[in-house]
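To begin, one chain is listed below as C-alpha cells, in the form predicted on its own.
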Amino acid sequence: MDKKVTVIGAGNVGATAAQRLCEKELCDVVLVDIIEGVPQGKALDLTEAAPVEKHDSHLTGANGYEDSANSDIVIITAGIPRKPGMSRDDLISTNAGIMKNVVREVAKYSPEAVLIIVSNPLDAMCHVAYDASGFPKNRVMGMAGVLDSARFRAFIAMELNVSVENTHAFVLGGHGDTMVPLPRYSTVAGIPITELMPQDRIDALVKRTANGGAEIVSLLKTGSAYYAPASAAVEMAESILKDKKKILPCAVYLEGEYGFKDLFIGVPVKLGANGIEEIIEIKLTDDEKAALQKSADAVEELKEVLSKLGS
C-alpha cells in the first residue's frame, strides 16, 4: 500500500477502525497501544483474517511510535472512559495528559500527518492536540459530526422504513447533549424530513440523536459504542486518503466562521488530500443559531477547564 494510517489506542474503537481500514484496502495500518502484546495480538489476528476478507493491507502492532513514522493520517482513540464518581474535570485532566504525550510523539515521527481525534471529551481533546502538535488547522480535526449524523440518519431510516442510503443528515456543534441536529438540512432522496414526518416525531429523533451514545452505554452496562465511531473516523480518513472531497461535519478550528473564534466546533467541511480544504458556512435560522451558540458555550467551558489545568 502506498498510504499509511496509524491508529493510537488498540481498544474497541481503535481495533475496529484498523479492521475497517484494512478491509476497505485503504492503507497499511499501524496499531499502537501502551499495553504490551495487545496491539501485536490484534494486528496478528486481523492479519490472519486477511486471506478470508481478501485484502493485502499490512498490519503492524507496536508499543512505541517508531513504526508509525511517516503516516499520512493518525487516528487517536487513546484515553480513559469516564468512571463512576469521576468528575468531568478529572476526565479532562487525565485525557489531556495522555493526548499531549501521544500527539508530541506523533508529531515527531509523522510531521506531515493529518490528525483525526476520537478521544473524549472530543472538542476539548481537539484543542489539546492542536496546541501540542503545532500543526496547521487544516490537519487537526475531531470525529463527532459524522457519527452523530450517522445516528440521525439511522433513526430517520428506521422511522420511515427507507434505505439508509437515501438518508442524509447534518448534526453540528459540540459532541454531547448540546449537539445541533438540523432537520431542515436532513433529507430522504432529496426530500426534507420536515415534509415526511410530523414535528413531534422529528423532535423525538433529534432527542434520541443527542442521547445516542448514552443510550448505547445504558444498554451495554459496561463500555460504550465503538462500531459506529470507528466507521465514522474511517469515512473521514477515506475521504482524505482518496482525495474524495466529501462534505462531512467535523470538529474544526474556527477563526470567525459562524461567528466563533479560537474554538473547535462541528461544522460542514470539505475533506481532501490536504485535510480540511474548505469550511462551508450554511444559513441558519435564529433558533438554529441559538442552539449552536449554546453548544459553543459548552465547548468554551471545557476550554476554560483546560486553561485552569495549564493545558
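All residue numbers are counted from 1 along the displayed sequence. None of these values were measured; they are calculated from a predicted model.
Unshown form predicted together with a small molecule; subsequent notes refer to it.
Q: Would you point out which of 93-101, 235-243, 200-208, 126-134 contains residues with a non-hydrogen atom within 4.5 Å of the small molecule in the model of the complex?
A: Result of the contact check: 93-101.
Q: Is residue 293 close to the small molecule in the model of the complex, meaning a heavy atom pair under 4.5 Å apart or at it?
A: So residue 293 does not count as contacting the small molecule.
Q: Quick one: is residue 120 in contact with the small molecule in the model of the complex, heavy atoms, 4.5 Å cut-off?
A: The answer is yes: residue 120 has a heavy atom within 4.5 Å of the small molecule.
Q: Would residue 34 count as touching the small molecule in the model of the complex under a 4.5 Å heavy atom rule?
A: Flag for residue 34 set to yes.
Q: Taking any heavy atom pair closer than or equal to 4.5 Å as contact, tell me whether residue 13 reaches the small molecule in the model of the complex.
A: Looking in the model of the complex, residue contacts with the small molecule include residue 13, since a heavy atom lies within 4.5 Å.
Q: Can you work out which of 187, 138, 178, 224 has a heavy atom no more than 4.5 Å from the small molecule in the model of the complex?
A: Only one option qualifies, and that one is 224.
Q: Name the single residue among 78, 150, 114, 156 that comes within 4.5 Å of the small molecule in the model of the complex, judging by heavy atoms.
A: By the 4.5 Å criterion, the partner-contacting residue is 78.
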